[in-house]
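Heads up, the chain below is alone and in the form predicted alone; it's given as structure tokens.
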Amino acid sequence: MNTVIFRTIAPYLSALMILFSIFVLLRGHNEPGGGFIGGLIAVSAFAIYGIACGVAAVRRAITFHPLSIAAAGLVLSALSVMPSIFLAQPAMTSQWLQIHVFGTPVDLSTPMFFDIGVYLVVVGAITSIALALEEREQK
């Protein structure tokens, strides 16, 4: 299935899927989606890219080791619980902060950081598994 058409379209399709996964991640707290589904879409993009271009190309594209990405996501998810604990509220109580970026108000919340952490855990862990399986099959 490693045709010229597939190898040509895979990088563009993967980039589009990564953008869509970020869209699903960021809209996920208020609508269907979130970190888990967004992470699965991103892993699918890496898998498609890996099938078309090889495991080495995927490892170069993601820069960091996948398990390091998963560890960073786990730390971020754990840290998103801390503000509510420090404010003597039940764990995982939503906290909101509004900042202004170039005059535009941007709302930041602990659920958003939790979702980003889940996204990174899913991307890191499942990408690590997928790359290991693809390397094994290529040998």
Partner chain sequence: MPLTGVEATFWAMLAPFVAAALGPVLTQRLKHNAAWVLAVFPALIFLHFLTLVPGVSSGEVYTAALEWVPTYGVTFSIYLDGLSTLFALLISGIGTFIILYAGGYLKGHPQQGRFFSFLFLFMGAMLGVVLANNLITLFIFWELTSITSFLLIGFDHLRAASRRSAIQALVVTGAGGMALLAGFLLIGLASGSMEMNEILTSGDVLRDSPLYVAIFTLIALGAFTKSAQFPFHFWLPNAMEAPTPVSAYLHSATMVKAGVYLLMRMNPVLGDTALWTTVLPIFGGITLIVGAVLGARQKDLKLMLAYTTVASLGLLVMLTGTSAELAIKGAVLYLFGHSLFKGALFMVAGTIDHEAGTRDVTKLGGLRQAMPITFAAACLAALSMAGLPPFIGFIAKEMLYDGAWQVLGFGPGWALIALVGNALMFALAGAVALKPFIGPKVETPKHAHEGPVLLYAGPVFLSVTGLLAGVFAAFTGDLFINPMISAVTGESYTYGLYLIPKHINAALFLSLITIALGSFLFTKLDLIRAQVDKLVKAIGWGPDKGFDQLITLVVKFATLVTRTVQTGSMVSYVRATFIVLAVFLYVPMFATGTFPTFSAIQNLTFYEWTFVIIAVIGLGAVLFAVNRLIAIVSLGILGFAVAIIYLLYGAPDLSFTQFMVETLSVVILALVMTKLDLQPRDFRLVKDRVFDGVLATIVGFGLAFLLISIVELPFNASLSEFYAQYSRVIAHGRNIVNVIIVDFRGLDTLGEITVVLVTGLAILALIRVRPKGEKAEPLVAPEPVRNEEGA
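Residue numbers count along the first chain shown, from 1. Source: prediction; values computed, not measured.
The following text describes the form predicted in complex with its partner chain, which does not appear among the structures shown.
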In the predicted bound form, do Ala70, Phe86 and Val118 all put a heavy atom within 4.5 Å of its partner chain?
-> yes
Query raised in the report: Ile129 near its partner chain in the predicted bound form, any heavy atom under 4.5 Å?
Result: yes
* Do Phe114 and its partner chain come within 4.5 Å of each other in the predicted bound form, heavy atoms counted? -> yes
Applying a 4.5 Å heavy atom distance criterion, does Asn30 contact its partner chain in the predicted bound form? yes
query: Should Phe36 be counted as a contact of its partner chain in the predicted bound form, where contact means heavy atoms within 4.5 Å?
result: yes
